[in-house]
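Let's start with one chain on its own, the form predicted alone, as structure tokens.
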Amino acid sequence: MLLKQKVALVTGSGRGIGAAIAAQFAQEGAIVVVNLLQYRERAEATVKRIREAGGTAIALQADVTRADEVNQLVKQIWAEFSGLDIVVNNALSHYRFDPKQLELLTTIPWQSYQTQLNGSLGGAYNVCHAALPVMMTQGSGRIINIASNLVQFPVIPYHDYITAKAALIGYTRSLASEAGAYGILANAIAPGLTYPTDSSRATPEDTREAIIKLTPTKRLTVPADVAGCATFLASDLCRNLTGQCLSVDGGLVMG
């Protein structure tokens, strides 16, 4: 098992990409903390699936945009498991990938940018700020931030979302430059349009087909694709790779 007895926190993991990562981590032997903001029943369903497959998981509520709640979350994890080895910052402010509802540059308010920045960048900052002292004491750790391939290829200009994910990639790299000395590796994953998820269900079929035509593998990314990449980055197979952003999009973005 690649992650045997590693303690992993996956934010926003009651559904979609986060749930797939949580399940894959558990399959590889990790003790998984399924973080939720709301929809406890979905988080508990993820935990149930993991346990039924022989894994170990618990669900803990915390709003990652609130530093006090995140600090309490990490304290709970420490009290329960005496460590924290892996953090996946997957949570974000709610977003619908619907080009028909796209806000234009001339009309989009700053508050839309701020909302996405608070979710993607602010949430990751709060979690890392709380988790880093634990990882530094341990002398090891893995931080994985979920970004987007739209930063490099804004095939549809979701301005606020793309701006926030670009900031998250910058944060990942600055984090990696200092944390490496403590044995902590920080990387990002940039999925392409991932289907099905709650956000991508709003994407019209013609848009999905257009993206598929541009993609070398001729298919959309699925949550399991992202989970596989996250497992690699979290494991000892990844020993000296940090500050990178790996595109998981069937080759839509290369280089």
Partner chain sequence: MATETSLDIFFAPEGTTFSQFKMLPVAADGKTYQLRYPLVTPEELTALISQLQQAQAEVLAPLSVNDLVTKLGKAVAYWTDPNYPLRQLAERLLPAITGYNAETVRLELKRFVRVFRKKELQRFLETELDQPAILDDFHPQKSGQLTRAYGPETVFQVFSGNIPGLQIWSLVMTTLVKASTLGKTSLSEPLFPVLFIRSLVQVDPRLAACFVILPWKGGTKPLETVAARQTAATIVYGSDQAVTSIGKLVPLDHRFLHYGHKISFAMIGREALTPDHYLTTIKQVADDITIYDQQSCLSAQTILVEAGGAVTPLMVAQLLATELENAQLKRPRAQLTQAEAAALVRFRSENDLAALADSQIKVFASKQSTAWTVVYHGQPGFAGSPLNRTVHIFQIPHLEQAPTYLTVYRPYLQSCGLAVGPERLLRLAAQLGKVGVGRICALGEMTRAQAGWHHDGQFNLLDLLRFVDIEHQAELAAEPLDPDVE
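Residue numbers count along the first chain shown, from 1. This one's a predicted model, so the numbers in the text were calculated from it and none came from an experiment.
Heads up, the form predicted together with its partner chain isn't pictured, but that's what we're talking about next.
**Student:** Just to confirm, Thr137 within 4.5 Å of its partner chain in the model of the complex by heavy atoms?
**Tutor:** Yes, Thr137 is a contact residue.
**Student:** Can Ala181 be called a contact residue for its partner chain in the model of the complex at 4.5 Å between heavy atoms?
**Tutor:** Yes, contact at 4.5 Å.
**Student:** Just to confirm the contact call: exactly one of 24-32, 182-190, 222-230, 60-68 touches its partner chain in the model of the complex at a 4.5 Å heavy atom cutoff, so which is it?
**Tutor:** The contacting stretch is 182-190.
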